[in-house]
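A single chain comes next, written as structure tokens; it is the form predicted on its own.
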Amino acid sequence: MSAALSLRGGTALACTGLAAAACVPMFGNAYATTFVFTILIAYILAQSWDWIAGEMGYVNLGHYCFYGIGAYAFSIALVAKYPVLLALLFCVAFTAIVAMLLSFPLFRLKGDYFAFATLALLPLAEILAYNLSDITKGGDGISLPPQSVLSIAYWGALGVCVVAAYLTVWLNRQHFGYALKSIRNDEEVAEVMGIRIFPVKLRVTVLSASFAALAGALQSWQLSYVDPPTVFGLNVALVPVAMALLGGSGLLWGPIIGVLLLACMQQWLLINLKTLQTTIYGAVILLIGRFMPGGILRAPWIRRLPWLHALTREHHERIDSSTTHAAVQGHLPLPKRSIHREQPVLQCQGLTMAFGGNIAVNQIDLRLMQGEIIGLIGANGSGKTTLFNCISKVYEPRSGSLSLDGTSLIGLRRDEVAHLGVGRTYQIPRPFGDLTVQENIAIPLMFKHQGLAPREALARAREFIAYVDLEPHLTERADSLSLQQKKALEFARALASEPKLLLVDEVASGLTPIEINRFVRHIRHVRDEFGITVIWVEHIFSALAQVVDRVIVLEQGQCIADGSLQSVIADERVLRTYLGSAAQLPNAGSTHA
């Protein structure tokens, strides 16, 4: 009920603000219209920047470059006497092509390297604008035909703002939006869950650049002039970034609040102070960043104010409540596969993975039959997790063959391997931390072959959540869970990917005996009921002893034993290098290998 009231309150506030903004050219003077127009342009830039930074987690410091490219493309087309609408289309298309081409080298970088590479776009674009004088008129700039277009440009900017705001809401309800959030949290895990990463990055970059280009075109049309320092200068390029960060990057209302606050502050400083405006402006931003990390709308005291709570809601607080109250059927919605014990599901031959001179997996030959539960053991550094990473294609093996159900995995992407039926957990849990438990499990349901719509995926996720006893934590963020709960979440998320082959990496470590027994029952159940083949890496030997059909032992990247539990624990080399006296107590509930 309170969520519905918050939604209605936010919608009413947005409609009131939109109606007031639409009336400014009719009832306000030229100064008021120009000031609000500047705010609209700033919002378009801040919101379009936040699609990449706030939603996907890539800090693009060169976003203003697309504003400048759009301004120049529009101005050149308009001076060439193209109609305004055609000039706008040309500026969007040209900027989108540039953004697409830049995506290929830029997205080979991550983190600080990506941020600094994008920052270099601004001086590069400014130098090109100065030197391509036959096209850009160099330092003289381009003068547009003098026209009184303030009102038309204003309503155009207002329309673009409405579309940008709508797209922001729409993104949070689509596969595309969940793909962006997954990348923001953990790009590698997102791929392993079945998301193809680069097309998502490409699409959001083109979308973001297109809106920045429209902002540049409309403002250059209103100013009737464009030159390199105005549209590529660092003194103005980072202001929209500061606005989004100030309000709360990644929040629906964050860019809007940041734009309003900084634009009004900047205007007040220009009118009331003759000097040091920029210094004071920067100091205020630094202080807010220091004492309100995450933006003003994430400040605890702001979130406690009832009349502002609708503005402070995170994306997961906007999920349709009907998906959190869907009826639980009491069974896992997984396909049931018949088990043919004589048919292999995974085959490796001569599989090798090396890091420099360190050979982590050395000429491993494996043959796993359908429905087997394999225990994979070995000392730390023996190559167990590296083998998992080769199978799930986190690493591309240096040599050897690797196939699943007769299909070679060599050269395939991680998302393609996930769609073929490989699911996994991680030794150190890697849930999508700022997404809820429900969203974490819904994501592989959305991105499998013939993936579900987000609403349906969120509802179906409850079956997997109930299976691992996490229902009380359904709408909690994953980073708030205990270690044991995160492991349960990862197991449920791996099952939601509908695997033929499930790679389980030390899930039992840190669990109580009761929790270990429950997990053993789960492993046995998913094999018996759904025909899932399991490879389980585990140091708690007594847990493996309860369920495995076969044990494989690795030492320094090589397979030193492969056979039944009894034959492996009797192997002298295994006893000497790994098991020790533990081999005499395979059924002891507290024995650790």
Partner chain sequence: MPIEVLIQVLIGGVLLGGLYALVAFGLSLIYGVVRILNFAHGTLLAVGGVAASLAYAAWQWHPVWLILALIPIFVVFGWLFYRGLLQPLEKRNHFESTVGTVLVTVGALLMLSDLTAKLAGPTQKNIPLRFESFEIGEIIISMSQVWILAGIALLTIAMHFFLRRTWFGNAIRAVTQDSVGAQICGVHSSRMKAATFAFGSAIVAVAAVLYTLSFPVDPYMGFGLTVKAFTIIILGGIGNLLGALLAGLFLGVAEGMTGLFWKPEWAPAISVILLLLILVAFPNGFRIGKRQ
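Numbering follows the first chain given and starts at 1. These figures come from a predicted structure and were not determined experimentally.
Note that the form predicted in complex with its partner chain isn't included here; everything after this is about it.
- At a distance threshold of 4.5 angstroms between non-hydrogen atoms, residue 388 is out of contact with its partner chain in the predicted bound form.
- Proximity of residue 352 to its partner chain in the predicted bound form: non-hydrogen atoms within 4.5 Å are absent; the residue sits far from the partner.
- Not displayed here, its partner chain is approached by residue 298 to within 4.5 Å at the level of heavy atoms in the predicted bound form.
- Although the partner is absent here, residue 407 is not a contact residue: none of its heavy atoms lies within 4.5 angstroms of its partner chain in the predicted bound form.
- Contact with its partner chain, judged by heavy atoms within 4.5 Å in the predicted bound form, is confined among 393-401, 268-276, 494-502, 84-92 to 268-276.
- Looking at its partner chain in the predicted bound form, residues 61, 121 and 289 each place a heavy atom within 4.5 Å of it.
- Among the residues 514, 80, 428, 283, the one placing a heavy atom within 4.5 Å of its partner chain in the predicted bound form is 283.
- Only one of the listed residues (245, 361, 458, 252) places a non-hydrogen atom within 4.5 angstroms of its partner chain in the predicted bound form, and that residue is 245.
- Counting a residue when any of its non-hydrogen atoms is within 4.5 Å of its partner chain in the predicted bound form, the hits in 105-124 run 105, 106, 108, 109, 112, 113, 115, 116, 117, 119, 120, 121, 123, 124.
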